[in-house]
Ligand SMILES: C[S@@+](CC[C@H](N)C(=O)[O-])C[C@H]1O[C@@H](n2cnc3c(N)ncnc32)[C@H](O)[C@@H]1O
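Just the one chain here, the form predicted alone, laid out as structure tokens.
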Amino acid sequence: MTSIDSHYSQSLQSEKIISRLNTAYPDGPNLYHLAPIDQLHIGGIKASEKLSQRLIDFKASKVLDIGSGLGGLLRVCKNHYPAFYVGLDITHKLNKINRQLNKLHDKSSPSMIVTGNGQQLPFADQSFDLIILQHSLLNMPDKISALKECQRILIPGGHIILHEVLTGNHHETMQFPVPWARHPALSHLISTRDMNDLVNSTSLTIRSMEDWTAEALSWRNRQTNKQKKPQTPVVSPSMILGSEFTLMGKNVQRNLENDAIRIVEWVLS
């Protein structure tokens, strides 16, 4: 088991998650019912909805989500736009729950789910016209291989969307644990400048770059306020990442406030 695989699977309560969802939502959970466990990226479901607009803009027909986790991003995208969707994640246990959640939420047209490494993609050349990485490069030490693999499987005229966490101007203040890493050795963040240099070292072109940090911090503040209210949720992030998740959330907020991290979206082609 890889260290990343262990990070995302060691506290996973698979049977409890499915059992609780079945009991609470006999007709099937909606996207917001699932959001506490399948929208763990910074920005939550609103960030996924914002990204889904890109599919409409680009008229994508074959979409790959690298680092798909429990599949929340693709379920949101499917709700907004019909396409052929594939989710890839290195953690097989997450993929297994992803399939179960797809069946609970929408039995009509589940996405294809593949266990694989984003740095060595198991797909033929020119297989997709849109590739999305949402908080995925932060767990990949070999980012150049990941980008080159994306370019290999992208059709001419296709697009790559990076919705990523980067180091800020005060990255030395970074606090752990965070949702993607319990300690620094698992966190492979780079700066905006390094990301630009990385992309420029390939034959990919940067079409746009937007800083989403301010709205990410606003979202995190709302999450913190929600957590102060007594509640017994049906499912919660702690069922994925364990009892440390509360501290992880607080650290994300501190890291955003201290400019230890930034949230940026790139569109490449």
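What you see is a predicted model; the values in this text were computed from it and never measured. Throughout, we count residues from 1 along the sequence that is shown.
Below, we refer to the form predicted together with the named molecule, which is not included among the displayed structures.
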>> Under a 4.5 angstroms heavy atom criterion, identify the one residue in Lys78, His159, His135, Lys143 near the named molecule in the predicted complex.
In response: His135
> All three of Gln39, Thr91 and Gln119 touching the named molecule in the predicted complex at 4.5 Å, heavy atom to heavy atom?
Replying inline: yes
>> Ile4 versus the named molecule, in the predicted complex: is there a non-hydrogen atom within 4.5 Å?
In response: yes
> Would Asn139 count as touching the named molecule in the predicted complex under a 4.5 Å heavy atom rule?
Replying inline: yes
> Does the 4.5 Å heavy atom contact test between Trp266 and the named molecule in the predicted complex come out positive?
Replying inline: no
> Just one of 217 to 225, 197 to 205, 56 to 64, 40 to 48 has heavy atoms within 4.5 Å of the named molecule in the predicted complex; which?
Replying inline: 40 to 48
